[in-house]
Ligand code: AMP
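One chain comes next, on its own, written as structure tokens: the form predicted alone.
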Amino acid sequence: MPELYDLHCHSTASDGALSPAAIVLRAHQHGVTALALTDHDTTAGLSEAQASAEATGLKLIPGIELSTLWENQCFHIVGIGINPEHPPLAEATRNLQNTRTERAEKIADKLAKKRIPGAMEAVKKAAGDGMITRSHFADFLVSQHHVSTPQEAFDRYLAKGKPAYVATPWAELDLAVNWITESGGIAVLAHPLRYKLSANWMKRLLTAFKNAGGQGIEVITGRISSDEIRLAATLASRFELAGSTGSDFHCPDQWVELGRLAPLPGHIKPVWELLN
């Protein structure tokens, strides 16, 4: 039976709905044989996920999804096969926790000015020990009936240019890639088509990413069409990047299911072949 890789998902350690142990169990139930848990800017869920993986026989690949800046735009870099205890990466995740908390307080203040009080208390409770993300604010806005869906929360309040948007001083892309690679991991550009870049800007981004040490690009990710797969595969080939595949799963019934992924095109080198 062939291996089934899912190299991008989220747990309650960031903005997922399921605990790290539950994510691993669900992945196993859906036929995934190798899973990367890639919570936003934290590795806090990895030890719990590893214990669950050992109990089920699934191979857990330690991962993270780092928010980075390049040319004043935010890009997400997935690190797979990382060593979460590598000192620079461990220090970075501690600093990112503080960055996210400070951003959350500013978002809550902006919502309060729009006569939407109580956001900080609600998102803190929802996040528990995990990272506070904008998705927690989106869920809060839905729960308080200010919007009907999380997407509407972003469109009306949380996205760039909207009333509760807060610009965040993420790490520069080359520094974040270095944290990943120096820890023994592989840096992968997440969901490349979501950034809506022109061909020229995509070329500049991928050139900078490769020059920093990036080695992979998500070719199969979330809800992606066959045309988008072809385009992402073309980018992988042109820039000699390995192809990755990941559901970007956050919660049941609202996201692509764990492991329910189109096959990686045969001419693309799989990123898992780069893992030790």
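Quick note: we count residues from 1 along the sequence shown, nothing fancier. None of the values given here were measured: they were computed from a predicted structure.
Another form exists, predicted in complex with the ligand; not displayed. Remarks below refer to it.
- [ ] Given that the partner is absent here, state which listed stretch (200-208, 109-117, 180-188, 126-134) has heavy atoms within 4.5 Å of the ligand in the predicted complex.
- [x] This holds for exactly one stretch, 126-134.
Open item on the list: Please determine whether residue 103 contacts the ligand in the predicted complex, using a 4.5 Å cut-off between heavy atoms.
Closed with: Heavy-atom contact with the ligand at 4.5 Å: present for residue 103.
TODO: Decide whether residue 143 counts as a contact residue for the ligand in the predicted complex under a heavy atom distance cut-off of 4.5 Å.
DONE: Residue 143: no, not in contact with the ligand in the predicted complex.
TODO: Verify the contact flag for residue 195: yes if a non-hydrogen atom of it lies within 4.5 Å of a non-hydrogen atom of the ligand in the predicted complex, no if not.
DONE: Output for residue 195 is no: heavy atoms all beyond 4.5 Å of the ligand.
Open item on the list: Check residue 151 for me: does it contact the ligand in the predicted complex (non-hydrogen atoms, 4.5 angstroms)?
Closed with: Yes, residue 151 lies within 4.5 Å of the ligand in the predicted complex.
Task: Contacts with the ligand in the predicted complex - residues in 12-48 whose heavy atoms fall within 4.5 Å - done: Heavy-atom contacts to the ligand in the predicted complex: 15, 40.
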